[in-house]
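Just one chain follows, in the form predicted on its own, and it is written as structure tokens.
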């Protein structure tokens, strides 16, 4: 099973992992990554009050689907779930979930890392940070491009 969901509602990582493996005896590894909204990026900066994520409907799902297909071409995945939220989130809230399954851990770990690296640079999402002193759009980070670049 390969699933992409873009939603405003929260998700349950354990339930999503269980759904991906239910009834499967060929799965030997499950890797789950959950990205959370954090209160502060830089030391000394004003704490984050909220993060609003916007996306391009239809295009976001399509692009994430392409990323999953690329991961399937590179690793022997048995399943994957990618859930990305949009809307206003506060520190501690779930933002993104990547779950990968394979017969072996190496493929599951690498595919999950690949998907997260490429989600950060290829999926059409925009982040607006709300802080006490100002609101600002988050620019792309060179470090995210470097992380994605290692996959070729």
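Residue numbers count along the first chain shown, from 1. All of these numbers come straight from a predicted model, not from anything done at the bench.
Omitted from view is the form predicted in complex with a further copy of the same chain, to which the following refers.
A.B. asks: With heavy atoms only and a cut-off of 4.5 Å, decide whether residue 144 touches a further copy of the same chain in the predicted bound form.
C.D. replies: Yes, residue 144 is a contact residue.
A.B. asks: Whether residue 86 contacts a further copy of the same chain in the predicted bound form should be assessed with a 4.5 Å heavy atom distance threshold; does it?
C.D. replies: Taking the distances in the predicted bound form, the answer for residue 86 is no, it never comes within 4.5 Å of a further copy of the same chain.
A.B. asks: Just to confirm, residue 91 within 4.5 Å of a further copy of the same chain in the predicted bound form by heavy atoms?
C.D. replies: Flag for residue 91 set to yes.
A.B. asks: Residue-level question: is residue 68 within 4.5 Å of a further copy of the same chain in the predicted bound form, judged on heavy atoms?
C.D. replies: Heavy-atom contact with a further copy of the same chain at 4.5 Å: absent for residue 68.
A.B. asks: Taking a further copy of the same chain in the predicted bound form, which residues of 86-121 have any heavy atom within 4.5 Å of it?
C.D. replies: Stretch hits, in order: 91, 92, 103, 104, 105, 109, 112, 113, 116, 117, 120.
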